[in-house]
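First, one chain by itself: the form predicted alone, in structure tokens.
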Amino acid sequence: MMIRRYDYGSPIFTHAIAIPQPVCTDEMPRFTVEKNGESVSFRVQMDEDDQIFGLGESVRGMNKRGHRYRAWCSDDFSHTEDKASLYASHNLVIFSGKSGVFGLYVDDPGAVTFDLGYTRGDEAVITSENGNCSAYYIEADSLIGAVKEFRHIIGRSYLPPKWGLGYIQSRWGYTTEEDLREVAKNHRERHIPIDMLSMDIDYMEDFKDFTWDAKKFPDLKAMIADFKADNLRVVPIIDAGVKLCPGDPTYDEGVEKGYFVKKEDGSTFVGAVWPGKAVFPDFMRDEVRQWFGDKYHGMLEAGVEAFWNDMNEPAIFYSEEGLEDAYAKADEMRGKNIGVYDYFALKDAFTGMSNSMADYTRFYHDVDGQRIRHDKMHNLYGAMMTKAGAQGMKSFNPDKRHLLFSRASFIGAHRDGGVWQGDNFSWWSHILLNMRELAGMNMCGFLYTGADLGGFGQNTTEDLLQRWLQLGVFTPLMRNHAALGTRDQEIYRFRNWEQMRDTLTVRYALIPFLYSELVKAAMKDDMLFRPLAFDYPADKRACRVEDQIMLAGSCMLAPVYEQNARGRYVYLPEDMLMIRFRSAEDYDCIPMTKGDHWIDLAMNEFPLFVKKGQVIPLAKGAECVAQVDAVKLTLLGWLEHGTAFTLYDDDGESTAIDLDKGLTLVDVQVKDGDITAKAEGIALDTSRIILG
């Protein structure tokens, strides 16, 4: 095991590395390093069967080979296979093949391209476009070993409060207090489990950060207290852009103190987002992060305990300069017979205003007294906003875990909050993408993650939402979220809502297991989700599986992700027990042998595969995390001999996490066909354990 650091140009400090590494002066192993103008490239030859894992939030498979990716945090919710960039930039790749396991992390907050066998099938070329970076070469004897080495130097992953594993109902379009109360009422009256209600931009006063519309939400504090009494939390959105609005305290203070990003001539850069003209805090500065983070205190004082940060790539609809350029192009074309190429130019003048590279080169950041143009450190902006929010929440209550998740991110932000996988679509392919991104994001430290269940854009369907919820049962961040103008997709809107409710009961029954594994993964620099290649490196078939994923080392997931499917083919790399869930109380346990199988799965059924010789705990269903009984558990498994595992639990909120104090050993023994199980302080039911 080893990690070596190599510096090129003038690296920008990104906060990604928590344990500094010495700079090496020898040549980097395996990679050929090439400098071309400002850029620096790392080139490596690949064998035909080599695989590449990593890149966190990105399109296509878990094996990233064969495509060209670009680290550039992008406000683009059409996550099609041709996209080189999504909302986040996670610059880690790990190679596995004949020559062993090795990887490269490029610590560069600017654009980095990953040509992973796209130009030449036998060659990977990773290029820092700015040429100012630290490159970390990683070598290990296994894939999980390489990840653990990397995760160790980037620092411990963020952990949410336990109730953060509860179900979240969200929508862009909850415009009043009555909307939220109606959603809460329908969930509670129908006994649909839920812990959080998410508030999108509609709650704000004229889209101004840290405000709420007093007409639509007349008494925010009282509303939050009412929800809290019913074990419900409210999760408001905070955007990166601050409305250009003299008289608004956030805007006025930022202007007075010079906290917003500036153009080359020293004037404030003005872009536009939801409120129209907006300015952008310079999150690269410590004092700006502290100032912005303290702004969260007002809503925290009102009882808010969770936030989600958005539009922090940063998304820019247009700038004053970009809008003038577009108008100029329209004036130039006015009165002309516009042919095809002129038409394209006119259209592009307006559609190209959004998130344009020209705008990203128009403003600068102050980094330790040095002025750096934004595009040189673009990918760090969202991470630094997350750091600001985390600092603000910690300073408000340093002994309590905060719930915070973000859209844009960079490695390092994994210590401060979670990440949802961006504004996806109601497409079947996005169920599969959701699953595939889990492993890559875990490699980069992001454990608290999940996708918008049912899809954010376009109109979901009943079967799509139902199948997506079945995958969401296992993802730490479990949120149903939809865009303005799409059909309502709360569970209770659908004919088979009882079946979806039953699916959620499985999530809550698994909370003791999922919470335990999440905490252990964070504390041990481990992964909650892994490609099968990590656990079965000698099984060539398993190494190529792209629609199944390991969970917590003891289990495997194989979601249904095709329309109208009533089952699916599954490859078992070893003997496993299939638990076919319909609800927390209704499930089958079926022993299955290694190999290929067709699994029948009705619309309300979904599988969890448990390795032979392992057991998992299952609680009773509950309607919120606070009601989950973690001391009366049923054990599920397929045993021939005894086994033992550790279960972690704590108060769910304290920042003082101690594995030595919170772990309980669960010892299961099999003798003469009788099963006994012991665990201090926990009542264990072994009646669902199958003997081989």
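Just so it is clear, the structure is predicted and the values come from calculations on it, not from any experiment. Numbers for residues come from their place in the sequence shown, where the first is 1.
The following text describes the form predicted in complex with a further copy of the same chain, which does not appear among the structures shown.
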*Can any non-hydrogen atom of residue 340 be found within 4.5 angstroms of a further copy of the same chain in the predicted complex?*
yes
*Is residue 172 a contact residue for a further copy of the same chain in the predicted complex, using a 4.5 Å heavy atom cut-off?*
yes
*asked:* I'd like to check something about residue 462: if you look in the predicted complex, is any of its heavy atoms closer than or equal to 4.5 Å to a heavy atom of a further copy of the same chain?
replied: yes
*Is there any non-hydrogen atom of residue 334 lying within 4.5 Å of a further copy of the same chain in the predicted complex?*
yes
*Proximity to a further copy of the same chain in the predicted complex, single hit among 301, 122, 141, 399 (heavy atom within 4.5 Å)*: 122
*Using a 4.5 Å cut on heavy atoms, which of 227, 587, 513, 317 is close to a further copy of the same chain in the predicted complex?*
317
*Which of these stretches, 361-369, 557-565, 289-297, 610-618, has heavy atoms within 4.5 Å of a further copy of the same chain in the predicted complex?*
557-565
*Members of 50-74 lying within 4.5 angstroms of a further copy of the same chain, judged by heavy atom, in the predicted complex*: 60, 61, 63, 65, 66, 67, 68
